[in-house]
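The chain below stands alone, shown as structure tokens; this is the form predicted alone.
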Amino acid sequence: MAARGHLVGALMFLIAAAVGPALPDWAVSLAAIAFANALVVLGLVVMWRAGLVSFGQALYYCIGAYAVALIARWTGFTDAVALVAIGGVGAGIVAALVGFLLARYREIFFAMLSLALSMILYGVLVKTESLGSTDGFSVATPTFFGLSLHGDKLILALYWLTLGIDAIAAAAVGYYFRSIAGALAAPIRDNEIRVEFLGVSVTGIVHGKVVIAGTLGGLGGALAALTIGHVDPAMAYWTTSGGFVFVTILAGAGSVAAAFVGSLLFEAARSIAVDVMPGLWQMLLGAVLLLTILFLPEGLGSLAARVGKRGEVKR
């Protein structure tokens, strides 16, 4: 069953990569941003399974984005692959440090502490003129192994890079879910004291989840910065974190693939809503969230499980 899921997932990424050249530039850019943000959602899913809700993932998203922008600005180094890796590692290091604090808390305390840390970064960026203050600054045009690309070729290259990193991240997270630490997520959520009685350090596992989610958030922020071509403090604001939580609720924690599908649907729905109802688009997204909670509480990922169960019943 796992091998079948891997095959389907690989096929989905290959199809997404193949249709890229046939899409208009705006659609490719929108998809690239959606798939970059999906990495942040995937990190939230890692924590969500253990009952951990973070309203501060924008912290790592912003760190990844600013790392890319500042390195390119200060050093002139613009290789996209290396910059994304640096953004992910930088956010992962911060998550490792922050994790020593967050791993000690649960429920609303975990959520609010993560939010507070994100807002601290937002305040620092807004007050620092050398970092662009409230306006932020543009990101240098990236290169690929020394090759300069422009226009639609650059957009497509960033799209393919995002898909490649997404595929690696999806495979890695899928492997993590099948590991002991990943399998203990539900027991930790339900009764972590019993897990401690087994001789397992729950704090250590939670710390690991924070680092994984932070690294994924940094990778997503780095890719988004390169695609958008601009960074600003809003990337660390609480509404950015709220958007990621929105998509996580829409996707659900039952499937890795749902994080990518949910993020793509969210970006598409938001773009359509802003175009059709520019003054009421938040209301439309709120209605979508309400309907999801009422009729699909386990998210889009539960649909695949339902289809699979029906198939088994028919057999």
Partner chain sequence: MSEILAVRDLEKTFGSLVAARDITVSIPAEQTVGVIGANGAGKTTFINMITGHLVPSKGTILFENKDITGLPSREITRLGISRSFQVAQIFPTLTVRENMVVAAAIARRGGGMLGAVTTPVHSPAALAEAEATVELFQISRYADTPAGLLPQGVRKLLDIGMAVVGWPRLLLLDEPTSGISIEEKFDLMQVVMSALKTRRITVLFVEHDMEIVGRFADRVLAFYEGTVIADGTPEQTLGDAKVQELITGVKARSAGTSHV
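Note that the coordinates shown come from a computational prediction; the quantities given were computed from them, not determined experimentally. Numbering follows the first chain given and starts at 1.
Heads up, the form predicted together with its partner chain isn't pictured, but that's what we're talking about next.
Chemist: Looking at 233-241, 67-75, 112-120, 184-192, which lies within 4.5 angstroms of its partner chain in the predicted bound form, counting heavy atoms?
Modeler: Result for this chain: 184-192.
Chemist: Indicate whether its partner chain has at least one heavy atom within 4.5 Å of a heavy atom of G151 in the predicted bound form.
Modeler: Result no; G151 lies far from its partner chain in the predicted bound form.
Chemist: Are any of the heavy atoms in F197 no more than 4.5 Å from a heavy atom of its partner chain in the predicted bound form?
Modeler: F197: yes, in contact with its partner chain in the predicted bound form.
Chemist: Might S179 be said to contact its partner chain in the predicted bound form, defining contact as any heavy atom within 4.5 Å?
Modeler: Because a heavy atom of S179 falls inside 4.5 Å of its partner chain in the predicted bound form, the answer is yes.
Chemist: Is G204 close to its partner chain in the predicted bound form, meaning a heavy atom pair under 4.5 Å apart or at it?
Modeler: Taking the distances in the predicted bound form, the answer for G204 is yes, it comes within 4.5 Å of its partner chain.
Chemist: Would you kindly say which of Y175, F100, Y105, F137 lies with a heavy atom within 4.5 Å of its partner chain in the predicted bound form?
Modeler: Selected option: Y175.
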